[in-house]
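Take a look at this single chain in structure tokens; it is the form predicted alone.
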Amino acid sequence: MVTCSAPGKMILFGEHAVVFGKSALALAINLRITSSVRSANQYSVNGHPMKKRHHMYISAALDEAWGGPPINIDTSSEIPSGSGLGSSAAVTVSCVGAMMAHRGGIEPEKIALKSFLVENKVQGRASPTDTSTSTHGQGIIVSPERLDNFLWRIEQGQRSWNIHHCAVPKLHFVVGYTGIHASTGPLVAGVKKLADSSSEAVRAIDRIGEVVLEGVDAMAASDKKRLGHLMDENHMLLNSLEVGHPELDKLVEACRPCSYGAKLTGAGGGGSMIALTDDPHAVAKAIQEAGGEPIIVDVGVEGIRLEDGGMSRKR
């Protein structure tokens, strides 16, 4: 049996705009999904026959990365499904990684590419932000241009993305989970439809791309005040793209008195928001009192790793 784990992620800046070729900045978080692969008599997930409609990402991962005899895949998750924290990317990356390790070894660039192809197939239109963050860990910058600290390039049709390592300073974030499940695919499709018909939506997408680059500079300088202002602006822009939700706004507003800034993270439509703060316990209390589930997270954690007898090692 081979076991791999991969982290979830939070998008600090750039969700939705990155699908249109803009930049994004994402950080790996210390909530992980673990996947184990072992030989079996039939394809199964957690001991039950695999059903494509119930296991879309795992089924697509098998098509992309396996092509061998039947296997059972066992998964366990610390990430709430549909929370905007990269659960689909983490299960995809951990599955693809376990399959590749079962057949010889872990190659991060290949895992990132195959995992992106899985998400793109399932969601219909995706960016490699989540899957590359889950693979590499730490922090990544996605950019249409090649920058310093280049990791790999991913292409799909006419679209392409350059993935870069991003150093993550010591920052304190709290996630506020609404408990509302939101599927990424329809939200991405909705933004595409809006952008096709609205020049204001196009301007919002362009501005989000600019916010990302300003955020990269602010993070490099550990300028938390500037990061917070940009988070607030990014949240407003995402609301203008109609991916917000009243419960997200409620949690964001509750956090602002005790944080530098707050915004939704991920696809929106529910899911989660994040707040940057020096007092995570005060923010967690504010989120809870506003009806959300607070999760204090560490950021900049390691990416995919091979688990070995309870010990872990990065390959």
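Start at 1 and count along the sequence shown; that's the residue number. As the structure is a computational prediction, the values presented were derived from the model and not from experiment.
Although not depicted, the form predicted together with a small molecule is the subject of the following passage.
K.L.:
Decide whether residue 178 counts as a contact residue for the small molecule in the predicted bound form under a heavy atom distance cut-off of 4.5 Å.
P.N.:
Contact check for residue 178: no, nothing within 4.5 Å of the small molecule in the predicted bound form.
K.L.:
Is there any non-hydrogen atom of residue 126 lying within 4.5 Å of the small molecule in the predicted bound form?
P.N.:
Residue-level check for residue 126: yes, a contact with the small molecule.
K.L.:
Within 4.5 Å, heavy atoms only: does residue 266 come near the small molecule in the predicted bound form?
P.N.:
It does: once the small molecule is placed as it appears in the predicted bound form, residue 266 has a heavy atom within 4.5 Å of it.
K.L.:
Would residue 19 show up as a contact with the small molecule in the predicted bound form if we use heavy atoms at 4.5 Å?
P.N.:
Contact check for residue 19: yes, within 4.5 Å of the small molecule in the predicted bound form.
K.L.:
Name the residue from 188, 101, 227, 182 that puts a heavy atom within 4.5 Å of the small molecule in the predicted bound form.
P.N.:
Contact residue from the list: 188.
K.L.:
Can you say which of 68-76, 197-205, 118-126, 214-222 gets within 4.5 Å of the small molecule in the predicted bound form, counting heavy atoms only?
P.N.:
It is the stretch 118-126.
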